[in-house]
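One chain is shown next in structure tokens, namely the form predicted alone.
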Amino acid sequence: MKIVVPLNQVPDLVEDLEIADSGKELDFEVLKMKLNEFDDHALEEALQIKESSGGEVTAVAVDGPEVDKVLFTALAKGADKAVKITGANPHADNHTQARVLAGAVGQLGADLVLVGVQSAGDRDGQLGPLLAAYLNWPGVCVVSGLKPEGGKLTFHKEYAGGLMAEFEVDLPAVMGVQAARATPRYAPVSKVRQVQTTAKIESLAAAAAGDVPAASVEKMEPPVKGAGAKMLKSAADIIQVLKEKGVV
């Protein structure tokens, strides 16, 4: 089984976000980026499947700053191959990203694609469903506990209220992973550096995305800061505030 895991970098929300001069996007030149948390879970689930059922795991990422580090880290964790997609915008909308990834997946001959269920950098959390649509494959999101067997995949999907259901789908398929069965493993810096000297990142030219029906951002601005919070030290303070607001 060939498993492909797209990896995407997102802004580190611990840092202040800077808006570009256009006012329509973030200034990625100054932002500190990190691997999307859910993509890390997707990679871990792929590695867990490989270790329990066999297969080959390929980490894929669109070329951009620090992307080599992300891919070498994936190799250090246990991925078999790393592929960098060149000639595409790593910060494009999900429709464009899905088109580009669909072209890459088609060339890599994947049986299963595991994506993070969402990320801090997208507006709709639809990369998984869009990728499945462009590939014309089954696609399910918010999944966990994946188990391939005999050309099929059994998995769990979570619904509101903590309700968990079990499904089965024919492969190939795209799954939006919510949580891996284990905490994503850590790759020591020493191991990543060792991999950098022994492993190789393959390059793959991005297929033309064409015209896609993506949403556009008209304006982006930081949230308005208020006067701050008022600390209430007693029940009498709470009652006074409620009186001032006309609640009591």
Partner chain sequence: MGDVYVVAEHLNGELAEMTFEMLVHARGLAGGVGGSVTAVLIGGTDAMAAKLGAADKVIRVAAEADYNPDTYAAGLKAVVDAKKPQVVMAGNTSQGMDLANALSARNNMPMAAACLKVSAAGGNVHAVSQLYGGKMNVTSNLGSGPCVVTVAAGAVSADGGRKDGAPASEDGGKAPAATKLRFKKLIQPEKGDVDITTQDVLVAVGRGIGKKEDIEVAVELADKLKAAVAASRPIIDAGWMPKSRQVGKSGLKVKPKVYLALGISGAPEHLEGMKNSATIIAVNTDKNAPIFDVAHYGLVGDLFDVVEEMMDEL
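Quick caveat, the model's predicted, so the values are computed rather than measured. Numbering follows the first chain given and starts at 1. Whichever C-alpha set is largest while still superposing within 1.5 Å between the two forms counts as the rigid core.
Form predicted in complex with its partner chain: not shown, discussed below.
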Using 4.5 Å between non-hydrogen atoms, is Ser52 touching its partner chain in the predicted bound form?
no
Mark Glu202 yes when one of its heavy atoms lies within 4.5 Å of a heavy atom of its partner chain in the predicted bound form, and no otherwise.
no
In the predicted bound form, is there a heavy atom of its partner chain that lies within 4.5 Å of any heavy atom of Glu168, even though the partner is absent here?
yes
Using the partner position in the predicted bound form, report whether Gly145 sits within 4.5 Å of its partner chain, counting heavy atoms only.
no
Work out which of Pro138, Pro90, Gly87, Gly78 lies within 4.5 Å of its partner chain in the predicted bound form, going by heavy atoms.
Pro138
Residues in 157-196 with any heavy atom within 4.5 Å of its partner chain in the predicted bound form
Lys157, Glu158, Tyr159, Ala160, Gly161, Gly162, Leu163, Met164, Ala165, Glu166, Phe167, Glu168, Val169, Asp170, Gln178, Ala179, Thr183
Does Asp12 count as moved between the shown form and the other one, where moved means a C-alpha shift of 2 angstroms or more after fitting the rigid core?
no
